[in-house]
Every structure is written in C-alpha cells, then in structure tokens.
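Heads up, the chain below is alone and in the form predicted on its own; it's given as structure tokens.
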Amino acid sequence: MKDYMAILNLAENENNIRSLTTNRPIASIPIGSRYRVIDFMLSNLVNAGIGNVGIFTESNSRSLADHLGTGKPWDLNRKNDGLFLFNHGLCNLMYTDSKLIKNNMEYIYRSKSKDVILCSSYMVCNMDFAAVARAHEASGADITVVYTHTEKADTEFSDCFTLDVDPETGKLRGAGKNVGIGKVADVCMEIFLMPKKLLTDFIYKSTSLTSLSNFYNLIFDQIGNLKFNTYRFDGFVSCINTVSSYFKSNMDMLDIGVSSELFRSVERPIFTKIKDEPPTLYVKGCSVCNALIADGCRIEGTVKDSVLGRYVDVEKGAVVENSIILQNVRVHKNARLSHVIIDKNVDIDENTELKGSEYFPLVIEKRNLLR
C-alpha cells in the first residue's frame, strides 16, 4: 500500500467519557492492561504497509506524545515519511477538525501518496487494511466507507454514524446517527478511503463554510454526488466513546476468542510502547482467575475477571473482581472492588468497599501527583 497515506483524526466525541479524558485524549487511554486505544488503529495501518501516518489531536496531548514518541514501536521512525503528530491545543476552540487539518496542508501536499485513509482512533479492532484497499480499488468508487453490523445498537456504538447500505449492491444510500432506539444497525467505523485530491477538496470546502460541522458530515453530504462503496467488517469491534463501552471492551478482552482475534495474529500483531518492567510477582496464597495483568505488579490478594495495568499492588486480603485498574495503583489490605475503574496513581485504603455495575461502572479518577 505504498500509494496510501493515513490521517488519524482525533476530534472524537468525549462527552460521555470525560471521567477518563480529563488529562488525555481517548486515543491514549490505557486498555487491555498494557496497550493504549490508539495502538489498534495505528497497528492496523502499519501492518498494511502504510509508512506515512499523520495524527491530528486538539488538546491534552502530552500523554499521547509521550506514548507515541518517534514512532519506533510501529517502525515509523523513518527518514522519509513516518509518524507526524500535529497538536492543536492552543488553537481557537471554535475550529472544526477540517480547519485544524487545513492549517497543516503542507504535510498532505508533500506526501507522494495518491490516496488516503482517513480514520478515527477509538474503533478497537484488528483489521486487514490491505484487503479494504483492494476492495476499494476494485469497486472504482470515489470513496469507500468501512462499517460493521450490530444487533446491540441500543447499548453500543452510542452517537456513532449509522449507514443505509443497499444489501444487493453494497452502495451507500444514506447516513444518520445512532440514538439508541433500535437494536439492529450498520455502524460506520469512521474509516474512509479516497483519493488525496478529493480529501483536499473536502477540506477547503469545509473551511469556506460559515457553519461549524463535523468533517464526516461533510463527506456524507456528498452521497448522491459521488460514488460511494461500502466495506463490511465482520470481526470484533468496539467503539471507546463512553465509560460503559470502555469497561465492556476491557471485559471482552478476557474472552479467549476476542483476545485471540485481537492479539494473536501472526500477520497483524498489535504494537505498543515497550516498557522493560520486571515480571509480575504472584505471592504464595494469592488467587488469580481470568485476568489480564501487565508487568511490574505484585499480587497477594484475589484478582478475578479483571484487567490490571503496570505497577498495581493488590495486598493480602484485598479482592478485585470485574474491575479495571490502571497503572501505579495500590489496593490495600481487605479492600473489595467490584465493577470499578481505577485511574492512575490512586491508593485504595484498607477495608474500603467500592461497587459499581456492568452498565454503570464506578470510576475513580486519576490522582495528580503534583500537589
């Protein structure tokens, strides 16, 4: 896929996940014990042979920049092309995402690629982008839109675009929004393949408009004027745009089928920033069942059906069930956690009991170490 460049647009809806995005974008939220949300889409692009990736983020990008670094884990630390991070944290908040991209049009013009993949970061999946590109080229369409079919639209993919796809031809007839009324829907994964020239036309047209509009809305406004093709992805996919979807996605990764699809593909591995930590210490007498646990942890108590990040300490008598514990958290003696999300740098006192539910997990926000 040497003729393709990629743009990751991080102007993502964070309204229903603010408790986890106060100091970071969705893209850099830890997930699956040692990964970040952006790792999946970025790895999908790299596995398809794309060597030019531009990431456009609006604010709070310190953790994202720290995670991405020079792009070495994804083989994007190159002399030609590579990884480019455009931070617009100081820009006018009234800018649309297309205007933010327009400010760096030189990046797009300098690329020798003829086509572009435009996508968001918060769709967690393991996808063969090379197959998508082949389908796009064979269709002869101006734009190919990737979507997934769901029968749980009332509880998942909140506020995502839905598509009206002709079942016989696969052509796109219309687009709307998932408001959670029906169960069955074809959900847009916010992945678009198109010629670079068409993308630049969209950008300039959008910035000439007086009304503020999401860039994807502008693309869908061209249904009827341009030839749209669709590509259905039937693998596991989760949109991390709510607290409940983040919780469910982590819990799904405990399923052997889901984890095998996401992490055990020889052809399409998921890359992340490597931290050479010591292995987790499992102290005699501890109990661990069905858990993802990163390096550097110390487990003395009980961990069941849970996901633990690096440097989590579960002391003797503590019980962690159906919970997500991020980096550098200490769960003191005899504490009990159930359906809880603990952000980084938090101490849970002795004998504390915290309990949420499957659809409304309790979130303990990140503790600022600088006080």
Partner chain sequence: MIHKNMVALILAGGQGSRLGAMTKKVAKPAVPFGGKYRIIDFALSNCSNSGIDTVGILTQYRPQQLSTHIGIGTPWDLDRIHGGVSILPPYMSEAGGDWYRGTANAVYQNLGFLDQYDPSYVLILSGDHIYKMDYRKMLSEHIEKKAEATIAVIDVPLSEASRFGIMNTDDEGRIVSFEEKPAKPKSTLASMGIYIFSYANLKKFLSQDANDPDSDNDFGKNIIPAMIASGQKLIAYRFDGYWKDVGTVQSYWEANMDLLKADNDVKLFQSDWKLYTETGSIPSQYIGPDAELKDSIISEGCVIEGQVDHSVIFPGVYIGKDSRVVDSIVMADCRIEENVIVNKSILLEGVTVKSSNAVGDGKEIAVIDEGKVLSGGGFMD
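Please read these numbers as outputs of a predicted model, since none were measured by experiment. Numbering follows the first chain given and starts at 1.
Unshown form predicted together with the partner chain; subsequent notes refer to it.
A.B. asks: Would residue 79 show up as a contact with the partner chain in the predicted bound form if we use heavy atoms at 4.5 Å?
C.D. replies: Result no; residue 79 lies far from the partner chain in the predicted bound form.
A.B. asks: Taking the shortest heavy atom distance, is residue 295 within 4.5 Å of the partner chain in the predicted bound form?
C.D. replies: Answer yes; at least one heavy atom of residue 295 falls within 4.5 Å of the partner chain in the predicted bound form.
A.B. asks: Applying a 4.5 Å heavy atom distance criterion, does residue 277 contact the partner chain in the predicted bound form?
C.D. replies: Yes - in the predicted bound form, heavy atoms of residue 277 and the partner chain come within 4.5 Å of each other.
A.B. asks: Going by a heavy atom distance of 4.5 Å, is residue 290 a contact of the partner chain in the predicted bound form?
C.D. replies: Although the partner chain is absent here, residue 290 would touch it in the predicted bound form, with heavy atoms inside 4.5 Å.
A.B. asks: Identify which of 223, 198, 135, 270 has a heavy atom within 4.5 Å of the partner chain in the predicted bound form; exactly one of them does.
C.D. replies: In short, 270.
A.B. asks: Under a 4.5 angstroms heavy atom criterion, identify the one residue in 179, 256, 105, 184 near the partner chain in the predicted bound form.
C.D. replies: Going through each option in turn, the one that passes is 256.
A.B. asks: Of 27 to 35, 48 to 56, 314 to 322, 342 to 350, which is the one stretch near the partner chain in the predicted bound form, taking non-hydrogen atoms within 4.5 angstroms as near?
C.D. replies: It is 27 to 35 that comes within 4.5 Å of the partner.
A.B. asks: Residue by residue through 61 to 81, which ones have a non-hydrogen atom no more than 4.5 angstroms from the partner chain in the predicted bound form?
C.D. replies: Heavy-atom contacts to the partner chain in the predicted bound form: only 72.
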